[in-house]
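Each of two forms of one protein chain follows alone as structure tokens, named structure 1 and structure 2.
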Structure 1
Amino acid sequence: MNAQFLELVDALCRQLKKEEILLCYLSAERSDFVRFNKALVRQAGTVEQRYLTIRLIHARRQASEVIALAGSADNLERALVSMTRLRDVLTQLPEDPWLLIAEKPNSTSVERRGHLPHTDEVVQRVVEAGRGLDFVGFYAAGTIYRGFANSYGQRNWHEVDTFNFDWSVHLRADKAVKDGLAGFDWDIASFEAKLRRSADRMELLREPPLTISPGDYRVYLAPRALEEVTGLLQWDAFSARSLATRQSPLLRMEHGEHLSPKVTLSENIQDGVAPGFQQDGFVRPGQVKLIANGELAGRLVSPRSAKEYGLDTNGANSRESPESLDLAPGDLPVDEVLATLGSGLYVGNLWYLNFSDRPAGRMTGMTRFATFWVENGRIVAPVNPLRFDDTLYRILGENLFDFTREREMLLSTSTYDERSTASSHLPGALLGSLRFTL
């Protein structure tokens, strides 16, 4: 696929007119998808798709178009037609004052091979392991491709094998346990161990649920619950544009507020799934420190923000949101979580999160699926849904007791248009207190 992409780009570059600049970005995948219901296959299929973004620049004017590639000789003809349309559009556009592209070639190539057995084998083992359970899941696996090339001679390629399995085990109504497994190498033993844990937690849901009064409680947030919290921070928290326009929920950290010294958060492209380059041609550093030991340490700067605010770009995407979020681990072993929690809430999942006061870093959300009351280090009963409302500076600041030593790789389950390359590498978090309001 890389050779076909480069051959097409070279052919387009030969058709450029004087002072025209061409940028091409390929987004492609070969993926298998399987939906399970009651531990049986309900839907299965394979998707192979390739989309090419053609971007033409002339006299500080730019226009772009996305075309689907069919893997045939027609690709060049359709791409040339697209370039003709873009030339016509450019004559009607004003200059772009914030246009910034990479003009010095910086070529890279990454191919990360994973261990992904044939999907038929995965399905057979999953059906066997889930027999007797009301098991609902979605499995996606395959190879994701990204490519960039421009008329300056820069060539970048990214090819990675990943899988993502998201599932729930249901008891009745809203009584369910949600979990998942994702990464580069499929391991049936890890899946079976996680599924057994899900089944064990489901049995605990048979106990009469407790209704907890509003108040502050000691809480353990499992990695998937913490992912919802950090996911909310990806809404402009680390954006250079949002910080400059004073819209970031972390704005107070520029004026003396801080988090716990245990919090070190990075954009870790080198260990994630996302490519190490973006559509303007800028190559991203392997790691960008965003929060270091509780202090604001950096920001994500897109080329347009760099141009507008006089900053150096670090190759952030146009949204300036993390794509490979990495939270450093703590010292708490996972198998000691319940004992260390003592009495309080074990929260496996959160949902419906939003900011209740963005400038103050205050967020709200609901517990979801299996949330349990823990007494003297032992789970004793499920808990009816609760709403929390608390600030980031308490959750990951004064009330953070520790993070777990073990972390979980969590890949985005989004398949809208294409499989997402976003990921998070997160521990669990033990909090001395979290405020519940309903």
Structure 2
Amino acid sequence: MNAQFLELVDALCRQLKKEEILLCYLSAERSDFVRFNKALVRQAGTVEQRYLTIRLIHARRQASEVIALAGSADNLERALVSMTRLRDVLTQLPEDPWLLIAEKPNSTSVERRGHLPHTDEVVQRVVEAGRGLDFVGFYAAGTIYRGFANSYGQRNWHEVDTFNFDWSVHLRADKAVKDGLAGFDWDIASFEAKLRRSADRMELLREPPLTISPGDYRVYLAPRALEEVTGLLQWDAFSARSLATRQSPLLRMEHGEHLSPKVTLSENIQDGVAPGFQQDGFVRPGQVKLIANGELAGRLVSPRSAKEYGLDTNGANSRESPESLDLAPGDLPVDEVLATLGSGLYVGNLWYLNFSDRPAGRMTGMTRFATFWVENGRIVAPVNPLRFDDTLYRILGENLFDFTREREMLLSTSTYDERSTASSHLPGALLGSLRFTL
């Protein structure tokens, strides 16, 4: 794939006219996707897709087109047609004052081979392992390719074999245990062990569920629940553009609000699985500190925002959203969580978060899957879904007791348009109080 990509880019570069600049970004994958319901297959298939973004710049004017690459013989023809179309668009544009691209070549290459067996075998074994359980899940596996090349001679390549299996085991209605397994090397024994753990944990759901009245409760948010909170912040909390236009949910942090000193949050590309380069050709720093000891410490600055606001870019993507979020651990050992919680809610998962007052950092969302009422450090019973509505400054500020000492590396399960390479490295969070409203 890399050779085909470079051959195509070289051919396109040869067609450039005087003073034209070309940037190309390849986003491709070959994926097997299998959906399971009731421990049987609902839908199984394979997707092979290759999208090339061609960006043409001339006289400080720029436009881009994403084309689906077809059979190799047709690729150059389609790309040349696209370049012709882009040349026409450029004639109708004024200069772009916020154009910024990497002009000094900085080439990189990462290839990580994994062990992914033929998916038919995986399916057979999963169905056998899930027999007797109400197992629902989604297996995605295959090779992900990202490539960048420009007419300055920069070449970047990122190729990884990964799998991501995300599942839930259901007892009845919405009472279920959620878990997952992701990585580079598929191992059926690891899957079977984790599935057995899911089944064991499901036993905790057999007690009749409690309906908890709205109010303020002590809460433990497991890493997967906290991932939903940080996931909401990924929308635009750390975006230089959102902060400059006063739309970030962290707006009040620029007016004296702060989080708990225990909160230190970074974009940690060096320890994630996302490519270390972006579509403008900038190679990202290994780490960008976003919140340090509860104070706003940095922002994600795309090249475009850098020009607009007179900042230095740190290679953020155009949406200025983190892709490898890293939250520093606390001091609370995981095996002391229930005892420290005492009486309150153990929240395994949250769901469908949104802002109920964005500039105030107030958010709402639901509990989901394995959420339990705990008394005197012991799980008593599952609870019916509850809605919370509270501000970030209370959740990760005045009401944060501690983060756990242990963290989980959660690889994104998102497959919108393509398989995501985002990840989050998160501890659990014990809160002195969280406000539930429905």
Partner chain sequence: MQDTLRRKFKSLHSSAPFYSLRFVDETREQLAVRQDTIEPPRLQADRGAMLVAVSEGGYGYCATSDLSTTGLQAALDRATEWARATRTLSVHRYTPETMPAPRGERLTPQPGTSLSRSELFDLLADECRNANIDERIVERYAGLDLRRVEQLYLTNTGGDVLQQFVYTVPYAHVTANAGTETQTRTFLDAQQGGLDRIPRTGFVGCGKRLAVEALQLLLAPNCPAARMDLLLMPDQMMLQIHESIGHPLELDRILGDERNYAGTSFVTTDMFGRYQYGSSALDVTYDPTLSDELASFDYDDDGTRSEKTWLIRAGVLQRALGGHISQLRAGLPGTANSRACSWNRAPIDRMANLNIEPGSSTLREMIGSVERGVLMRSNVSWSIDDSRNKFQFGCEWGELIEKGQIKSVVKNPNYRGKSAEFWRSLKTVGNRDTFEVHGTLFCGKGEPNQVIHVGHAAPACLFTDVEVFGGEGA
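In this text, all values refer to a predicted model and were calculated from it rather than measured experimentally. Between two forms, the rigid core is the largest collection of C-alphas that superpose within 1.5 Å. Structure 1 provides the reference sequence; residues are numbered from 1 along it.
Looking at the two shown chains, say which is the form predicted together with the partner chain. Form predicted together with the partner chain: structure 2.
After a core superposition, would you say N376 shifts its C-alpha by at least 2 Å between the two structures? Result for N376: no, shift under 2 Å.
Is S343 one of the residues whose C-alpha moves 2 Å or more between the two structures after the core fit? No, because once the rigid core is superposed, the C-alpha of S343 moves less than 2 Å between the two structures.
Take the rigid core as the frame of reference and indicate whether the C-alpha of S82 shifts by 2 Å or more between the two structures. The answer is yes, as the C-alpha of S82 shifts between the two structures by 2 Å or more after core alignment.
Superpose the two forms on the rigid core, then give the C-alpha shift of R196 between the two structures in Å. Comparing between the two structures after core fitting, R196 shifts 3.4 Å at its C-alpha.
Cα shift of D187 between the two structures after core superposition, in Å? Comparing between the two structures after core fitting, D187 shifts 5.5 Å at its C-alpha.
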